[in-house]
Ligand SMILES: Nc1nc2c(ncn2[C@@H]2O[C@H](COP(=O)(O)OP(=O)(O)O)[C@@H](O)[C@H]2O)c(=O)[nH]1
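Next up is one chain by itself, shown in structure tokens, the form predicted alone.
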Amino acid sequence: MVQSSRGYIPGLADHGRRALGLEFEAQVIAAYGRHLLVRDTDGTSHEARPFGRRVQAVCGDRVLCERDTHHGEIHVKSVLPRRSTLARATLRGSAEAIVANLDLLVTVFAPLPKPDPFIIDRYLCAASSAGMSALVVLNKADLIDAADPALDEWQTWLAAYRAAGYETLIVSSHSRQHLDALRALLAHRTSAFVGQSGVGKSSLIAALAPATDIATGTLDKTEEGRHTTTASRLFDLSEGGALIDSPGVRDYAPAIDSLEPHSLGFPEVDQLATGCKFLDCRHLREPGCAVRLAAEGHQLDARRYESYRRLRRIRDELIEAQGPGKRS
């Protein structure tokens, strides 16, 4: 029997509460800590909060909600099964979900702040391991000087991503360069923009979904992006589909338990690994490693291979942080 002190009708079964509108399904369209905004199937938005610490809902989740008529609140009772989850590793090696139910992860970088390709790689590995498609976007094309020597480096990165099977785009939210191409890739999918702070994710969403009231920011004097986005928020696209804007980061490590253990989510490593001498090859110093030989012979991008090695070390360190019995 449920407690009437929470505003529920004693003895009323779950199907009865749903028939009376006390229980309903919704989608989380904004999440700030344990403060949630959910949208029901009629399109009405409600402020809500998780009921109990075990309920960990994130933007994009489908959830089961219940009205507390006594206190005038809406509680998220449970998270419905997710089709995909983007998660990060905590310092103790556990997984913390960021957004859920994505079809496409869009990793954005820009000329400023100084881009870190290893962060891009880790997001791509998380996407590959979770079964999502991924897109790499170089934003702020209007700030790119054709004479800038860094342009050759960025083009090399993009070529390596295309060789690994990822789509890439160079766009500008200011000049609207290639926004139509980006819009076409996002249509009828649920996507999330991720990347370093200040790369223009919010500005891109404002250009792609102009009816939104999303805030945008500028770079500070240290050229480190400000965290304009402090909560994950979902925005509907007029072409169909939705975009989730997530807070910018200065670093990111994917949840180790969700990483594909052999390739860590690097598609080119997965393809080359079939030629390794040992099935359990870690692709570091093992004899007969086809991945390492491909990197030495320039058939595998050297920077991507170094990124794999770094992520392997990070994974090992996080496994150690979890304690005995977790190492693999």
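Given the structure is predicted, the values throughout are model-derived calculations rather than measurements. Note that residue numbering begins at 1 and tracks the sequence as displayed.
Quick note: we don't show the form predicted together with the ligand, though the next part is all about it.
This chain is displayed alone, yet in the model of the complex one of N101, S173, S232, S128 has a heavy atom within 4.5 Å of the ligand; that residue is S173. Proximity to the ligand in the model of the complex, defined as a heavy atom within 4.5 Å, holds among E239, D251, D142, E96 only for D142. Residue contact check for T190: none of its heavy atoms lie within 4.5 Å of the ligand in the model of the complex. Taking the partner from the other structure, the ligand in the model of the complex has no heavy atom within 4.5 Å of any heavy atom of T85. In the model of the complex, the ligand sits within 4.5 Å of a heavy atom of V199. In the model of the complex, S203 approaches the ligand with a heavy atom inside 4.5 Å. Of the candidate stretches 153-161, 190-198, 119-127, 68-76, only 190-198 has residues with heavy atoms within 4.5 Å of the ligand in the model of the complex. Taking a 4.5 Å heavy atom cutoff to the ligand in the model of the complex, none of the residues in 148-164 make contact.
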